[in-house]
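Okay, so here's just one chain, in structure tokens, the form predicted on its own.
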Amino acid sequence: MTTHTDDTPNTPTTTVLVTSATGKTGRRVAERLTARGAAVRAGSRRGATVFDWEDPETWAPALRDADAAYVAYYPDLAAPGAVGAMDAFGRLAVENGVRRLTLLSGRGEPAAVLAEEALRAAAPGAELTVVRASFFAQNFSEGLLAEGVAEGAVVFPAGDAAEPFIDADDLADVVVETLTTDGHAGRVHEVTGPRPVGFAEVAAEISRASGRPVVYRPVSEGEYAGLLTGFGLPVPEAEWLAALFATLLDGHNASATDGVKRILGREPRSFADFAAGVWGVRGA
């Protein structure tokens, strides 16, 4: 695989499949790879490259003759069915000549580790890098919490937990680096923001940046599941998501890592800077 170096900033890579290419990370990864001159297949349910995690028949055509792939499993690598999907996807990737894989995984999610291991075992001939992350800063601006923020409240089952929110742009930069440069095969990179931030502080930063009041309202796991079902999610999915969030916010993910700095040579973006960049422009 042709690699990207500082001396050749626009050296083209070979063909890269980006799964979940309309999602928060997939869209950013595809944009960055395209800017570097890669031939990008943006896989999505209704795009030019049809790829649907719920339809395995779409996987092989999207993988055919690709040299690398960004693997972002929907809805989450800890979800039921992810282990089987990673096993099947990995086998197809190797059969179709894919040589490099970068897998988005969940930081502090034991079930996600099982899916990582399934992909590793199914694709022994490929260079696999795992990038683990937890909560994105963008969850408040373009994710499941955005509507509440727009209405003035962050409603979440987080108690007083703190989270080192990772900016999806930083994560995308890390993913692209692992796909376009050597030295990452077999490694697990855990990426976070620069420091843990509590949800009350998140609300305060958004308020400060936007010039309008936003408050944090903690709820129980059961209350949050009820809110999700009220938005139309099936009960099993709502209960699973609420349980996942409650588990992730029990304190075991509160510490920050140096993953972004080690890979990119710079500090990750803080939540305050993220909020100023998103809501400060709108509120100006």
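One-based numbering along the sequence shown. Treat the numbers as computed from the prediction; the structure is a model and nothing was measured.
Although it is not shown, the form predicted in complex with a small molecule is what the next lines describe.
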Using a 4.5 Å cut on heavy atoms, which of Ala275, Val260, Ala21, Val16 is close to the small molecule in the predicted complex? Ala21
So the small molecule isn't shown here. In the predicted complex, which residue out of Gly47, Gly222, Pro234, Pro56 has a non-hydrogen atom within 4.5 Å of it? Gly47
Does the small molecule get within 4.5 angstroms of any non-hydrogen atom of Asp76 in the predicted complex? yes
Is Ala72 close enough to the small molecule in the predicted complex to count, meaning some heavy atom within 4.5 Å? yes
The small molecule contact in the predicted complex: Ser105, any heavy atom under 4.5 Å: yes
Residue contact check: Asn139 to the small molecule in the predicted complex, 4.5 Å heavy atom: yes
Within 4.5 angstroms, counting heavy atoms, which one of the listed stretches 224-232, 211-219, 22-30, 249-257 is next to the small molecule in the predicted complex? 22-30
